[in-house]
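What follows is a single chain, given as C-alpha cells, in the form predicted alone.
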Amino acid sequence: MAQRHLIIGGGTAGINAIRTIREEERERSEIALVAAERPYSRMVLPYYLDRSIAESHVYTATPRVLADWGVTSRIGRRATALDTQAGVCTLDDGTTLEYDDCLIATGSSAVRAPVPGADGRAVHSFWTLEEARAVLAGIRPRSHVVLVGAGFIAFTILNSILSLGARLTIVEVAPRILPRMIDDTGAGLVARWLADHGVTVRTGVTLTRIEDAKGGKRLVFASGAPLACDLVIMATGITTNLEWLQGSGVGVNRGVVVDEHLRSSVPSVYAAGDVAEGRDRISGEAAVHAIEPTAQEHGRVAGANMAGKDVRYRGSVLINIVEVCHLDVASFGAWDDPKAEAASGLMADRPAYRKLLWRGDRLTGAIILGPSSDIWTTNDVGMLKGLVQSGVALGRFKAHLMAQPFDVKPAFIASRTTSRLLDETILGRPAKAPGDTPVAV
C-alpha cells in the first residue's frame, strides 16, 4: 500500500515539504494537505499592499499545481486533534484523516495587544491575506495610519503604507524601535532616518485603549497626548499555532521540539517552520526561528525524510533583513550576545553602521545598516550573512575586521566562504528548477 503523508499547513514549510516528497520519493505516495487558507506567500503581502503585484501572484500552489502533484487538498479546514497512537487527525468539521506520517506546519497567528478597542472598526492586523485586503481597502491618500509596534513585521509594510500616500506614525512600548533586531545605536540611526522621511516615531509609550472619534480612531496612552488617526495596524507580535496539539503526546516547549531530522518526540510526526523548535546553528541550543528562510529549509528537510531519505539539518540561523525608505537594515545570528567580543563602526552622516560579534576567531553575529544606494552596503549584507552562516575561522582577518568593520570583502574572499556555501546544500544535491520537477509516477 502506498505511503500516506499528511501535511498540516499550506504555508512555506508545508508546500516545500510536498514538493520535496515528490522530488525524492521512489514510489508514488499519497499526500493529503490540510490548510485553513489557499497556499500563499506571506512574504509578498507587502507588495500586494502597495499594488506592486496582483492578488493572483500571492498564491504559491494553485489548485491545478496541487492536482498535478497528486495532492488531496482539504482547503478551508483546520486540524483540531492528533491521535498519534492511531495515526489519525481530526478536522474542524469532524472529518478524520489517517496517515503513516505527518508534518505539523501550522505556522503562527498575529497577536493583538490586550487593550480595549483593539478588535474594533478600522483596527487591523497584517498577517493573513484577508487582513491585507482589509488594510488595503481602508487606506486612502493622505490617510493617517498608526502602526502599533515597531518590530520586524511592522517594518516590512512601512514602505507600502507610505507608497499609498498615507501619513504614518509608529508607536512602540519598548524604548527603541526594532528592539529584537538591532541595538540602541542602530535604532537611533533608523529613527532619525524615518523622521527625515516624514514618519513620526513615539517609543516608550503604553497604549491603554483605542476609541472611535469623528469617523476615525483615537489612541489613548498611559502618559502623553492621545493620537488621532484614520486607521490602526496592530503589529504587536505573533504566536505559534500549537494549542490543538494538547493531548497528542507530541513534545512541545516554545515550539514542537524536533531533532536533526525534524522529527518530534513521536517518530511519525515531523514539524517545520514557525512551530518547530530546533537547533540554532550558532549557539547549538534549541530555538524557534519564525522566519521565511528557516521555513523553506525545514520544509525541504522534513519532506526529504518523509520520502525515505536520511537528511540531517545543521540548524537555522536567525536572519532579519528589511529596507526602510531606501535604508538597508539587517542583523544575523547572535547579534545581541552579551558575552561576545564586539567591534563596531559608525558613519552617522551617511548613515552607516556595523557591529560585528565574535566567539574566538569566528563571526557569530552582525548588525549592518546603510543606504541602499551604496553598492558596498548591499554587497556587505550578503558577505556578513555568509561569514556568520558558514562559521568559518577567520584567523588573522579577525584583527583587520575589528579595526576596519567596513572592509569586509578581503576577509570574505580569503576565507573562501563562497565556495564553502556553494558546496553546502540543504538536501546534499543541486536544486531543481520549479516547474520542471521530476516526480515519482
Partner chain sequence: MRVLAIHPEKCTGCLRCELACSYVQTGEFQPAKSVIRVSPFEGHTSYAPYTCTQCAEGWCMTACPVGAITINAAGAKDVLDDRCVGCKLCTIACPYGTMFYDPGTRKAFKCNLCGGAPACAEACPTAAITYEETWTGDWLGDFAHERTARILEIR
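Residue numbers count along the first chain shown, from 1. In this text the structure is predicted, and so the values were computed from the model without any measurement.
This protein has a second form, the form predicted together with its partner chain, left out of what is shown; the following refers to that one.
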Heavy atom within 4.5 Å of its partner chain in the predicted complex - the one residue of Glu292, Asp83, Asp336, Asp259 that qualifies: Glu292
Of Glu323, Asp361, Glu341, Asp92, the one that lies within 4.5 Å of its partner chain in the predicted complex (heavy atoms): Glu323
Distance check, Thr208 to its partner chain in the predicted complex, heavy atom within 4.5 Å: no
Residue contact check: Pro63 to its partner chain in the predicted complex, 4.5 Å heavy atom: no
Contact test in the predicted complex: Glu297 vs its partner chain, heavy atoms, 4.5 Å: yes
Contact of Ala32 with its partner chain in the predicted complex (heavy atom, 4.5 Å): no
Which of 232 to 240, 214 to 222, 139 to 147, 367 to 375 lines the interface with its partner chain in the predicted complex (heavy atom within 4.5 Å): 367 to 375
Whether Arg121, Ala132 and Ala134 all lie within 4.5 angstroms of its partner chain in the predicted complex by heavy atom: no
Contacts with its partner chain in the predicted complex, stretch 105 to 128 (heavy atom within 4.5 Å): none
